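The chain below stands alone and is given in structure tokens; this is the form predicted on its own.
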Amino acid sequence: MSGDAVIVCKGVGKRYGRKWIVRDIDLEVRAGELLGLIGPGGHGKSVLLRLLAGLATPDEGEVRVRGKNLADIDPFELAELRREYGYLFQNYALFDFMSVADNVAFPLRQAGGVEEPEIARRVKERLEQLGLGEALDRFPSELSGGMKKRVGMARATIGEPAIVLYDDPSAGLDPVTSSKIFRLVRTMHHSQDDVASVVVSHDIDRMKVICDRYVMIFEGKVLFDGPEEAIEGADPMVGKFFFGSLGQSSGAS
């Protein structure tokens, strides 16, 4: 069951040049829930995810994390708040010059306060949990796309963050590997209490297995916010996307 709101967006808008990518976004992300952020490609999902993470600044409205407006806090406080986040990037964003083990250990070393033997233990345990126990000393260039996603998931969750954001975790993967990735998202979400997880994806069929609630972004605005059972009474576009072919749209999120 979901708890208190961890992230709250009020009237959030972001534009690039004169074009508004998202606008008038009101949204809550709650502790303990796994939220699916859905919608056709190019309608603002990934931009919204970056706003939730504090990786982009809204041009209007505000994003609050645990009551703090991200636009009002100083860089040091923002850096401290970001330690509560885990973020799986769509393009992996792994360091090519680092081994798998060092990539996963990176957030722990950046945060400080954890001795190297403990870091090594945690990294090994997390990689084994994700089926990558034999890949510790390998480099990203030696891995398949699915393996890189799993390394990214290990890195995003190694610090046991309170907020985990997944940007299109199955992008570019075959159906079998995609199913495995979504099962791992569910496993990671339930591995600790009260984690707030957000998944951006076009892969509606696999999202249905894991998500508690859905927010559909259409033309940069929230068209739907609720559980699957509420879709029947929503805008027809929501049902068309969720149950029909519109969900197969490709392109930037």
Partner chain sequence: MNGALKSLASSVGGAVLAIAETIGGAVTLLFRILRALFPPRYDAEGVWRSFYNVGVKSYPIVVMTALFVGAIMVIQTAFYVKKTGATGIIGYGVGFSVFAEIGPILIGLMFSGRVGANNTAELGTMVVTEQVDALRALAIDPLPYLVVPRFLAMLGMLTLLMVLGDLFAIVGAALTAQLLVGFHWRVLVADLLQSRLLDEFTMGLVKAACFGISISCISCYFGLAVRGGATGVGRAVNNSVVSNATAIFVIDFVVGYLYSL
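Positions refer to the first chain, counted from 1. This is a predicted model, so every value here is computed, not measured.
One more form of this protein exists, namely the form predicted in complex with the partner chain; it is left out here, but the text below deals with it.
Though the partner is left out of this view, V176 does not reach within 4.5 Å of the partner chain in the model of the complex, counting heavy atoms only. Although the partner is absent here, G172 sits far enough away that none of its heavy atoms falls within 4.5 Å of the partner chain in the model of the complex. Not displayed here, the partner chain is kept clear of G145 by more than 4.5 Å at the level of heavy atoms in the model of the complex. For Q110, a non-hydrogen atom is located within 4.5 Å of the partner chain in the model of the complex, even though that partner is not displayed. This chain lacks the partner; the member of I210, I204, A31, L55 within 4.5 angstroms of the partner chain in the model of the complex by a non-hydrogen atom is L55. When the partner chain is considered in the model of the complex, only one residue from K124, R138, K180, R82 comes within 4.5 Å through any heavy atom, namely R82. Within 4.5 angstroms of the partner chain in the model of the complex, the stretch 27 to 50 places a non-hydrogen atom from R50 alone.
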